[in-house]
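The chain below stands alone and is given in structure tokens; this is the form predicted on its own.
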């Protein structure tokens, strides 16, 4: 049976000891003292543990069903949705003007991690709505915001994003969905969209679809794409619901995982739609939603790794198999628990060190998002933009790897559905694919983000690493265990960036062939920086004297493992990048 324990102590450590959010000058941060944020996270953790986690396996086994055009969600989902909605959790970080609570995004990120760990399929109904809200809030007219946002904030209405079509995924320039203008300023939307998460369900009275389509006569390719709001039910002037719009779910996809979320084929038949932003500028508006979604998907990678690790850890403590080679640890039993064996410890340490480093990395990036949105900090926005493909690509690649490692610790029982281990693997797998497959994230990082601002943002990241090392190199223990490995990894990353700069102008394939390796190299350096920062704080706490010494000692030991066993992967990644395009492109397409 699956279980979940909210990582409240780790949230407290990262938010208040490492990031020191309560001391930040971002608006709203002065209110985030440990007592206030702790109370919110504790209550959110209870909902995740007691309400959402028990529905995780139910959602997986029952899935969603399509009956006469209506999607029925698994048993208990609607009741859980009501609990979260009635508790005001849906508007935690939303604008108070539209009924939100206006809390900083960093707090919402911690809440979302727990919800995702407990039940990723369920959380997607909420997160898609938050993304649609963000796009409308940023690019919609005042009239559209007033009409749709209040009930999206409360999740009386939920939202979706509609990009993909049967013949085109990433290449949106091939899109066929069209939007014919009507004299009253509305548009008639026609076409078919696929892979639409939460596209139809029975938990709310209306669903607000954000749909990309082309207005006839517009520019070719992606320059001719516009974004539209297309509600399931039309909304009258007084806010009441009117007639059913010309949009319907034609089919439910049968998927590897996330069975509790309705992944729909959506058919649009001259459905009434409303332009968001300017004509032919739809991608700009949709990317507001997609960038937020990519941060959320990176969080999914971490969240599934975390819950899979927790359950595997419990199993290794309970399952008796073999004897410790140094002597029996359970002499009165028939065997020792799995956790005594070195290779089991290696796997657990791989998982634990990734999860805790990734959690700090994501929360740090959430503070950058807050600084950009709440303080208009352009440097923070630029740094976050640079790291968005790393968050999405690296964290979901590694998050999936960690769920597989967790499953492996069960042996044959991990392949049996009753343990629940396989669901974490299957649910994590989609995160590497949707919201831009990870290969696309790597190409975006190397092809666009590195050169953004003339390289200003990547240089700012290097400066962060360099400054931290310089400021703390007088600490001998920190230097040997954390700063020296971080310096070596950062040099690998700088060498890779220099290789791209020198080779890409004359041989673009040389850069693109190494893009995934660079994304992982960058990810490891970022987590290395997080571990160095956490180690500094943990060491200081121990020197000050603390009643929780075991927590900080464990944090240091976990960090040392990451620096010694995971961070050196940067050298391997650099070697692959330096091999250029020839090994990758050496075969003609016909020779495969």
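Numbering follows the first chain given and starts at 1. These figures come from a predicted structure and were not determined experimentally.
Quick note: we don't show the form predicted in complex with another copy of the chain, though the next part is all about it.
Enquirer: Please identify, from 181 to 189, 148 to 156, 404 to 412, 95 to 103, the stretch that has a heavy atom within 4.5 Å of another copy of the chain in the predicted bound form.
Expert: Single hit among the candidates: 404 to 412.
Enquirer: Just one of 377, 134, 517, 272 has a heavy atom within 4.5 angstroms of another copy of the chain in the predicted bound form, so which one?
Expert: It is 517 that has a heavy atom within 4.5 Å of the partner.
Enquirer: State the residue from 268, 309, 354, 228 whose non-hydrogen atoms include one within 4.5 Å of another copy of the chain in the predicted bound form.
Expert: Checked against the cut-off, the match is 309.
Enquirer: Taking the shortest heavy atom distance, is residue 1 within 4.5 Å of another copy of the chain in the predicted bound form?
Expert: No - in the predicted bound form, heavy atoms of residue 1 and another copy of the chain never come within 4.5 Å of each other.
Enquirer: May I ask you to check whether residue 46 falls inside a 4.5 Å heavy atom distance of another copy of the chain in the predicted bound form?
Expert: Answer no; every heavy atom of residue 46 is more than 4.5 Å from another copy of the chain in the predicted bound form.
Enquirer: Closest heavy atom of residue 426 to another copy of the chain in the predicted bound form, within 4.5 Å or not?
Expert: Because a heavy atom of residue 426 falls inside 4.5 Å of another copy of the chain in the predicted bound form, the answer is yes.
Enquirer: Heavy atom to heavy atom, is residue 508 within 4.5 Å of another copy of the chain in the predicted bound form?
Expert: Heavy-atom contact with another copy of the chain at 4.5 Å: present for residue 508.
Enquirer: For a quick test of understanding: in the predicted bound form, does each of 284, 470 and 485 have a heavy atom within 4.5 Å of another copy of the chain?
Expert: So, no: the whole triplet misses another copy of the chain.
Enquirer: Need the contact residues for 254 to 268: heavy atom within 4.5 Å of another copy of the chain in the predicted bound form, sequence order, or none if there are none.
Expert: The stretch touches the partner through 254, 255, 256, 257, 258.
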